[in-house]
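Below you'll find only one chain, the form predicted on its own, shown as structure tokens.
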């Protein structure tokens, strides 16, 4: 009995050492050598070396001189500690038309208020100078499952070009060139759709000369 117990303890210790020690260290070492940028969060730094974001997480750009990400339901919006979507189905009236209640007091809207697709589409058309009947890309008016999708569709980016160009005093042609430079293709040539990383595009805009 004692012999069997000793054998069991030895096996447990060896497996603990391998699974909780050696294996994680090997994987960590390989990732640091072969995929250091990705393994450390795909962080983006400014010219001073300060971390200003990640390629993997959306940020809530709202100024007219920047490209805007898709809407977010993560916390109060773009909160990396509260990743999540709306969990509303495609036939939900709340998802389509939103919820709009009387303000609790001047300047204090009811926390139950919720902008639906119709509201988001109206705001998107207004900020980009589009006609009320203009069709807009679906990612411009829907929230992603995580609320932190860092990318938008090329169609979404192209619609925002005129606004950004006007705000920055740059030519639309120059901005379209930056979009092309920051557009990733399909994975392995067949998976997914082309996409534009909003943070990287906005940093390229800041670095562009008039």
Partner chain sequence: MTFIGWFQILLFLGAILALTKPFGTFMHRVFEGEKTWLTPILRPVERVIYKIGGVKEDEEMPWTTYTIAMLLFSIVTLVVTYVILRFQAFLPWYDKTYMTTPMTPDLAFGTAVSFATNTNWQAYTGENTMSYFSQMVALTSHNFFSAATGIAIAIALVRGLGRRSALSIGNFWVDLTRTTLYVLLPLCIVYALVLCQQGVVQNFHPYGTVKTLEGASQVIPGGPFASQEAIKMLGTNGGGPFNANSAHPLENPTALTDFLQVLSIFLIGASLVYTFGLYVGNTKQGWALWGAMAFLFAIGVSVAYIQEARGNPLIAATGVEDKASVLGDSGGNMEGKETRFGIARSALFATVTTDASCGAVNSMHDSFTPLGGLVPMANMMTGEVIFGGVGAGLYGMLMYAILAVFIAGLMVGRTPEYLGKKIEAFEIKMAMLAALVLAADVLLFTALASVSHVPHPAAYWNTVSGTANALASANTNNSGPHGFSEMLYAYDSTTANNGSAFGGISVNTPFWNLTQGISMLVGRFLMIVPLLAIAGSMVKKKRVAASAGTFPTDTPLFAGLLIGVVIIVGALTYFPAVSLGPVVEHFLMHSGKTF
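Rigid core: the largest C-alpha set superposing within 1.5 Å between the two forms. Residue numbers count along the first chain shown, from 1. Please read these numbers as outputs of a predicted model, since none were measured by experiment.
Missing here is the form predicted together with the partner chain; even so, the following discussion is about that form.
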*Classify residue 144 as contacting or not contacting the partner chain in the predicted bound form by the rule of any non-hydrogen atom within 4.5 angstroms, answering yes or no.*
yes
*asked:* Taking the partner chain as it sits in the predicted bound form, is residue 27 near enough to touch it, meaning that at least one heavy atom pair lies within 4.5 angstroms?
replied: yes
*Proximity of residue 180 to the partner chain in the predicted bound form, heavy atoms at 4.5 Å*: no
*asked:* Check residue 128 for me: does it contact the partner chain in the predicted bound form (non-hydrogen atoms, 4.5 angstroms)?
replied: no
*Which residues from 68-92 come close to the partner chain in the predicted bound form, meaning a heavy atom within 4.5 Å?*
70, 78, 80, 81, 82, 83, 84, 85, 86, 87, 88, 89, 90, 91, 92
*Does the distance between the two CA positions of residue 26 reach 2 Å or more between this form and the one not shown, the core being superposed?*
yes
*Superpose on the rigid core, then tell me if the C-alpha of residue 14 is displaced by 2 angstroms or more between this form and the one not shown.*
yes
